[in-house]
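One chain is shown next in structure tokens, namely the form predicted alone.
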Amino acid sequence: MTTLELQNVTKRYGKETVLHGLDLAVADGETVAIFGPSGAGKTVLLRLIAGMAEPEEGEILMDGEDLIDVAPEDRSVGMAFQNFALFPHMSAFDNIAAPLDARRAKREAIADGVHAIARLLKIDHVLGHAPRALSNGQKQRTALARALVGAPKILLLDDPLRNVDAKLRFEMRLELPRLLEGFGSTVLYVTQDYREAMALGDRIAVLMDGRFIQVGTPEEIYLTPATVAVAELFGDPVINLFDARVEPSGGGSVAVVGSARLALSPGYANLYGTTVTLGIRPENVAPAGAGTAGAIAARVAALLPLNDRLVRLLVTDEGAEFYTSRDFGGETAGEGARVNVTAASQDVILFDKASRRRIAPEGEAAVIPAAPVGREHRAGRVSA
């Protein structure tokens, strides 16, 4: 059963259209990460669902009921904000209790609900503290407790980890899925961090310039990005892009990059003679032995430590720069060294040069599933 559905949702402020006819169906118990750059319209979308603003066009449906004329307090929606938005004059207890107070719940029920959620989030020892006495991590958990205490059908999280330190952010990426699964809420999680989107979302909806560019599982979006822009948003270092020409070779197809000839997966015969943009993720740029057919010859321009990896900036003989994060093993590949690299055919992504949209090989199955999936179908995560 679909809990939340957006149909042609459009929002304008004056003459500026912020959201352009958004469509999205979110299944009961599913977590969808709304991912995109600053200014894409992510927070505006959450405000529309929460009832803090109204769309100019379209419908927002919960279990088939249009929410447009339903008051915010009657929507069974909980929301946690990026800046915590705690009431400074109220204790942590009273902040968490606010949604239950608004419903005129009995004091005993309020106390039981607050203490239960506080114990779950490990903040029961600071319930008497004012927000100014809380650490950022405790503030974040207090805001989350306030959003969860009323057991909402829909939980809206507006980049809730952005203002906490890196250690807590990492810990909460691990804790949040287990916590949310226990509540069974349908979740929209806004973030600008692709790692959070991939770690927390059953699906990711990529929002850019007020439009959903692609909706799919983390694996689908990382491995088969709909556009160059989507591909560039995921991964560190960023995806490598080359100008290439598609040509036939021995019954198959190759992409000619400078003097290199990279094998392509079947299904690109219709592109023979076409110039395209070719993408390869840095982790898929593998070392190749000298004389390997079709390999890219390059020079190591710089060594860049990145966490537990060593990234190499390579420059081709034609002057194109690109990255590899693969281990070169015992091979000497220090700065200034000459290397040969290649990529497996299934790791090569082609984009149309004009539209910058991905070119799917002929016969490929649809990338975006016809129906959303719930959290019980959460797939393993891509390591990026």
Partner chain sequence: MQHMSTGERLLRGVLITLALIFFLFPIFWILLMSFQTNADILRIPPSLFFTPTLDNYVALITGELKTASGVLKLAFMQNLFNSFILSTASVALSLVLAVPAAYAFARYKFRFSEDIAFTLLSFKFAPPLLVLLPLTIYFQQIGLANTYIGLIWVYQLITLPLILWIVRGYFEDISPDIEHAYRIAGHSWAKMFFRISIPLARPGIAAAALLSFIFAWNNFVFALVLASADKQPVTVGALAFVTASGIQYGQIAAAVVISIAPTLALALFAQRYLVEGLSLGAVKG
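Keep in mind that this is a model prediction, so the values were computed, not measured. Residue numbers count along the first chain shown, from 1.
This next part talks about the form predicted together with its partner chain, which is not shown.
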**Study point:** its partner chain contact at residue 73 in the model of the complex, heavy atom, 4.5 Å
**Key:** yes
Review point. Wondering, does residue 89 line up within 4.5 Å of its partner chain in the model of the complex on heavy atoms?
Key: yes
Review point. Should residue 146 be counted as a contact of its partner chain in the model of the complex, where contact means heavy atoms within 4.5 Å?
Key: yes
Review point. Could you tell me if residue 137 has a non-hydrogen atom within 4.5 Å of its partner chain in the model of the complex?
Key: no
Point to revise | Candidate spot 344, 359 and 361, all three touching its partner chain in the model of the complex (heavy atom, 4.5 Å) | key: no
**Study point:** Heavy atom within 4.5 Å of its partner chain in the model of the complex - residue from 292, 274, 83, 265
**Key:** 83
Study note, to complete from the structure: The one option of 280, 77, 206, 188 with any heavy atom within 4.5 Å of its partner chain in the model of the complex is 77
Check your understanding: Based on heavy atom distances of at most 4.5 Å to its partner chain in the model of the complex, which listed stretch, 93 to 101, 124 to 132, 110 to 118, 251 to 259, is the contact stretch?
Key -> 93 to 101
Check your understanding: Taking its partner chain in the model of the complex, which residues of 226 to 252 have any heavy atom within 4.5 Å of it?
Key -> none
